[in-house]
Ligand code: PD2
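Consider the single chain below, provided in structure tokens and representing the form predicted alone.
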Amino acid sequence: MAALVQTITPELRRWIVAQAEAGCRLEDVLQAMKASGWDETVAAAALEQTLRERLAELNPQASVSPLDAATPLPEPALQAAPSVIVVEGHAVQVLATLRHPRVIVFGGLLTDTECDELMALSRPRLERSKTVDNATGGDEVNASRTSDGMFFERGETALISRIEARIGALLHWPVNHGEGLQILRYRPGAEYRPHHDYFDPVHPGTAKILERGGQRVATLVMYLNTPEGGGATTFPDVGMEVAPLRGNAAFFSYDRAHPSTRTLHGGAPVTAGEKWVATKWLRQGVFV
């Protein structure tokens, strides 16, 4: 069978830019292209390429420049290649590290008791998880994310404050530069398809989001239980998977809002049981 060839014409590029600048959701633009006969993969690539080129026209540095070099990224003290780091009187194991993307797997970041308490405190407040609405900077229910979740306010309880202080000490990042702790529950079949955590400058809603503390610079995913099957944190660009083991955590950072960071990641479908995670996103500045 001959391969499908579809040409991205100047007319199509102008149409894509016009839709985006009119405030249309990119998901709706993609669906419109598919309805017109475009292959989904080709259409998605055309969207990204066109919008990045448009961004480059408006601001040549916005989509590819690293963050201010004077601002370091969150990073544990690994110069001596330790197998254990003691922070706030708590021993955290260093199980695996990767340079590019910058990924570190920690063991025992949370105790069993802390995991149980986080699940118990969050359970009554769970609701269908949402994603960022790129057009407005608000949030929305999205088919790519099929978990239930909730947010704690920063320092909401003594437990939350203790965990946030531990994270800040471990990663050498101010506690007030972190978003509130998010708890997620994935039932069998639930997943979070591959995505980036930074706020992409090509989207019209990004400027509003950045007002609350600047760009995201790192993510910490902490596993509150061990599901019976599935649920790994995946990094498709490098073929890496982190098993969701109770008390452990996956940390990754990104110095620019661009796919070149290779931090595309997802939550693989849960095949049996439930998966509970606590996620902490770290910002450039004070998150308000």
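The first residue of the shown sequence is 1; numbering continues from there. Source: prediction; values computed, not measured.
Beyond the structure shown, there is the form predicted in complex with this ligand, which is absent from this document and is the topic of what follows.
Partner contact region in the predicted bound form: 180-188, out of 180-188, 76-84, 156-164, 198-206, criterion any non-hydrogen atom within 4.5 Å of this ligand. Proximity to this ligand in the predicted bound form, taken as a non-hydrogen atom within 4.5 angstroms, holds for one residue of Met240, Val29, Ala43, Val221, which is Val221. When this ligand is considered in the predicted bound form, Val277 lines it closely, a heavy atom lying within 4.5 Å. Contact check for Phe152: every heavy atom lies farther than 4.5 Å from this ligand in the predicted bound form. This ligand is not drawn, but in the predicted bound form it has a heavy atom within 4.5 Å of Tyr192. Although the partner is absent here, Trp281 lies within 4.5 Å of this ligand in the predicted bound form, judged by heavy atoms. Annotation for 244-274: interface residues with this ligand in the predicted bound form are His265, Gly266, Gly267 [heavy atom within 4.5 Å].
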